[in-house]
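One chain is shown next in structure tokens, namely the form predicted alone.
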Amino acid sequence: MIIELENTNAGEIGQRILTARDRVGVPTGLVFTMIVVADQCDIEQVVAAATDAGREHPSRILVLRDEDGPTSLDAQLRVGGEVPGDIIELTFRGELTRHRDSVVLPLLLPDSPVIAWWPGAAPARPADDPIGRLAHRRITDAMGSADSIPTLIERAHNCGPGDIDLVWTRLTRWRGLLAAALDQYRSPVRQAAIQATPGNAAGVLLAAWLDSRLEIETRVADVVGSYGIMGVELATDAGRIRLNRTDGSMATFSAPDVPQRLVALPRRDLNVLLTEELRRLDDDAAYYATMATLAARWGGEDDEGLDR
């Protein structure tokens, strides 16, 4: 069921969504509210990702965007069918664009977590943003900005409890493979190097993670490629551990005294990344340690200073 409301308010939206849910028989046990700040984003892509991610945990999804025009609030309500819970798209105009939190607050599910997600541009300090203050968990994505590395460094300086960036989520498989390799080869790592395409924030964050875990300085070098992080090399007393991406789904792994082999290292789409983050709403100590390392070591440097 889709309901269009023009020049409406939070009270009418709340009443109409309750009526619609009763009519189509939507379960009442929604587990959280996700606020999606979708300014200057592809609304269809964002809604599709949020909907897909919400299938594991039926939820209320509030999609916010601003438009030019006289002060007004329009809403589109989606309930039932393929929607796992309910979706409320809110379009703010005029003076209301400055008070979105006042409209959103009455629409939050009571006694359940609130997640805020900025798929594109995000505030420098999400916890201090009016929408961010409503949320227990704040998800950003530096890859959604025009200049991802400075954006990620800025977020490292302003990182606080409840914050997470999807650049970190993109590194889950890389971190797992490297951690497993280092568990197998216990000799100290003397040097570490990452090869990544120019301007790739994931390569910089992976380097900061290696720095924080190994207490060494990891070199990040620009290389030609199409897949972001193209390779990692760790020099240990036992020999070199190498992980080199061959395409968008596989990589070669080599280490001392073992045959080279192919390992799965797929590039994951936005739906999968968001779903992973919604599975764990607790704070990630490794992420905070990595962001602190990024802020301490590279906070005052430009992109060229990373390649050394």
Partner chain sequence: MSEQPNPLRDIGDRRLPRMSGPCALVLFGVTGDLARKKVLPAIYDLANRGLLSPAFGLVGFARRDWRADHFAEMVAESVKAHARTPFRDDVWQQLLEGIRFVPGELDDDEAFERLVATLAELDEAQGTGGNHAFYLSIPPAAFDIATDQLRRHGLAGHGRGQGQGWSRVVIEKPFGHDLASAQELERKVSAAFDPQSVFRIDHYLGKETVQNMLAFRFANQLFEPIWNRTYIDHVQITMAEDIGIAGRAGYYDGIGAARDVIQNHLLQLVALTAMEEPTSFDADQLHAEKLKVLAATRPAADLSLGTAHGQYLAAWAGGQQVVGYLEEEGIPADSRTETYAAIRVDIDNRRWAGVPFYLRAAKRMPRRVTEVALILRPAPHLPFLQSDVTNLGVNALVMRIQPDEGITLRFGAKVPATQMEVRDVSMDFAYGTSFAESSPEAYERLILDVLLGDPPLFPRHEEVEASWRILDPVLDHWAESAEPPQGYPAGSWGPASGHEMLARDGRTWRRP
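Residue numbers count along the first chain shown, from 1. It should be emphasised that the depicted structure is a prediction, and the values quoted were computed from it without experimental measurement.
The same protein also has a form predicted in complex with the partner chain, omitted here; what follows describes it.
Taking non-hydrogen atoms only, residue 198 never approaches the partner chain to within 4.5 angstroms in the predicted bound form. Not displayed here, the partner chain is kept clear of residue 242 by more than 4.5 Å at the level of heavy atoms in the predicted bound form. Taking the partner from the other structure, the partner chain in the predicted bound form has a heavy atom within 4.5 Å of a heavy atom of residue 284. Using a 4.5 angstroms threshold between heavy atoms, residue 56 counts as touching the partner chain in the predicted bound form. None of 71-79, 101-109, 173-181, 148-156 except one has non-hydrogen atoms within 4.5 angstroms of the partner chain in the predicted bound form; the exception is 173-181. The single contact residue among 188, 130, 113, 94, judged by any heavy atom lying within 4.5 Å of the partner chain in the predicted bound form, is 188. The partner is not shown here, but in the predicted bound form the stretch 254-268 reaches within 4.5 angstroms of the partner chain through a heavy atom at 258, 259, 261, 262, 263, 264, 266.
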